[in-house]
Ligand code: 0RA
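Shown here is one chain on its own, the form predicted on its own, set out as structure tokens.
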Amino acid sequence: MSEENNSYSADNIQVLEGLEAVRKRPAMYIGDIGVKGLHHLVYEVVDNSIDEALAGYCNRIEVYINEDNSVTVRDNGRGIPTAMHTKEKKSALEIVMTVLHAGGKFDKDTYKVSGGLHGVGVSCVNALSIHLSAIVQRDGKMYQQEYSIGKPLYDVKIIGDSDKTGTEVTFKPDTSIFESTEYNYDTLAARMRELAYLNKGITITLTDLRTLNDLGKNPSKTFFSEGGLSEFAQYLDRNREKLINDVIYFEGEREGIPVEVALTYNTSYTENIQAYVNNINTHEGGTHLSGFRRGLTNTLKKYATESGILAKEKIEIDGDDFREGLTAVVSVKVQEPQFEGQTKTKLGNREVTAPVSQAVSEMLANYLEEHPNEAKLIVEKVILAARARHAARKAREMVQRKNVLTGSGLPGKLADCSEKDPALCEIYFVEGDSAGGTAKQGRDRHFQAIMPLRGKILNVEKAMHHKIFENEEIKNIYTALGVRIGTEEDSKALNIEKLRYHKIIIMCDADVDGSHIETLILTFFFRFMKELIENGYIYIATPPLYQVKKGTKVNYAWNEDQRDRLIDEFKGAGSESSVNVQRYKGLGEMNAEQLWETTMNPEGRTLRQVTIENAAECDQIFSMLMGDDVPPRRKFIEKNAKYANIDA
């Protein structure tokens, strides 16, 4: 590290613009004001500490969820500069905390690469917090400044001596801004785990001070990775049967761009590629993902041809075939990333493609040469994938031809709505013909469509693609929604321009079987229609669990606490005689009017929108729930089952 780079002083802080618009339009800066945006505040503060780690000055980050749902992030980096900024005539700490886009990451001599997607920094967190405290240890002193909704409560002051360095930020989100200010421990843990894998050698701890575990201690996890992406790939693949035991790994620089890649193969039929730029999961892909795919396809195709394994095969191999059963993680660090796409998570820097492609080609060529047995297994799986793809193409064509053969192409069981504007239409996928019949009677025919599904749909996690497209219920889902399944060039492409409904609602019984069917449908959407989830079109209906009735007075409860409160209220309002409680085990137990009133009426219903907070976590959860490995699934169900007591 040169002396020039080691210098991190007040004058390294560059000011780009102020904070004025953050509180007026918070969603522009943090994505939304719901749960996702709330957790993004933590990520912005942690990103500052990660930047210090990337620069080589921090190896420990501690995150605490405090009892009042405030959050503390503490690191052992150099500490934010506190001296007076020459140009701004204020403490550099105050500038960092109160001016948007002010910080060392805009000075290339301070941070060569900085993490984060929006880059709004801790000042945005400050603007959206009712209170924030910053404590800095550096230069032998301990400094502090506190703020309220982004405004300093006093000048930076010395509160003691210190022989350590680092920064501690504690903030409490503003309840007038956010829909909820309750942090989810598991959501934060998933991101901290991800950051530990992406930045090997850093210890990240997460502690929840709001509750106690079975041992009478605060839940706490420590995340540390020595192997980086190699261990990340093993973690993502842990619930799948291995095709090869090795993780193929590369780390280095190509054309000045740090590239880290890890990949392995399993026996499943799905691909799982997680691509990152500066620690952000770019789920829309981009130039780094294109480079990875190019390097993988070209190298494997060259090996398969030169080894003679393909000589007997008359089937043409394409890129999709090389990625069946693939689990891979790609991480690049880009000094000035250009993000594109609908959610600004697609990398547009063209100069990144070639370095990633070169790195993958070099890594894979060496591995295949040194491991001929594993190489043969991979190529044989590629050939099987090609055969299955050709069969799947025929199955897809049969689904598409249905439009020609049956006129409208809509499934016979679909009760469609009269409205034609997709933005105003919603479709309910309902468990079983009985509940489907009730839903058809209770719906508003103008904008609500009903599609009954027969029993449990195919588990797509364990099925070959042509079997999936041959499945009657899945074909009905495709044709009802009106989307194109894909093209020969990209069989996973989903053209959603012709999507007929912008609310796709899964409505199942509130029992174990209903939850299983719900999970099967969600697995299908995640694996084959992920764009629908990413665009916010998928919802889950929430039917009540109980009807509580006394005389002519009827109320509904969605959990046991609500049920008990209603019973107490009814008993308190009159005589003790038989408040009647009915447990709904199926949608069919409600009549059409009750189903409309509790579950389908937009004015009173509760819909849960399905979102993807962390793509890597989603992938491993679906593979664990719907795959072949039983012990982790049993452990998950025992921990999370809602209905264990109810249906015992």
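This one's a predicted model, so the numbers in the text were calculated from it and none came from an experiment. The first residue of the shown sequence is 1; numbering continues from there.
This next part talks about the form predicted in complex with this ligand, which is not shown.
Going by heavy atoms within 4.5 Å, which of 26 to 34, 584 to 592, 45 to 53, 608 to 616 lines up against this ligand in the model of the complex?
It is the stretch 45 to 53.
Decide whether Gly150 counts as a contact residue for this ligand in the model of the complex under a heavy atom distance cut-off of 4.5 Å.
Gly150 lies outside the contact set for this ligand.
Please tell me whether any heavy atom belonging to Ile80 falls inside 4.5 Å of a heavy atom of this ligand, as the geometry stands in the model of the complex.
Ile80 belongs to the contact set for this ligand.
Does the 4.5 Å heavy atom contact test between Thr167 and this ligand in the model of the complex come out positive?
Thr167 belongs to the contact set for this ligand.
Partner proximity in the model of the complex: Lys475 to this ligand, non-hydrogen atom cutoff 4.5 Å:
Because no heavy atom of Lys475 falls inside 4.5 Å of this ligand in the model of the complex, the answer is no.
Please pick, from Arg138, Arg389, Arg294, Lys172, the one residue with any non-hydrogen atom lying within 4.5 angstroms of this ligand in the model of the complex.
The residue in contact is Arg138.
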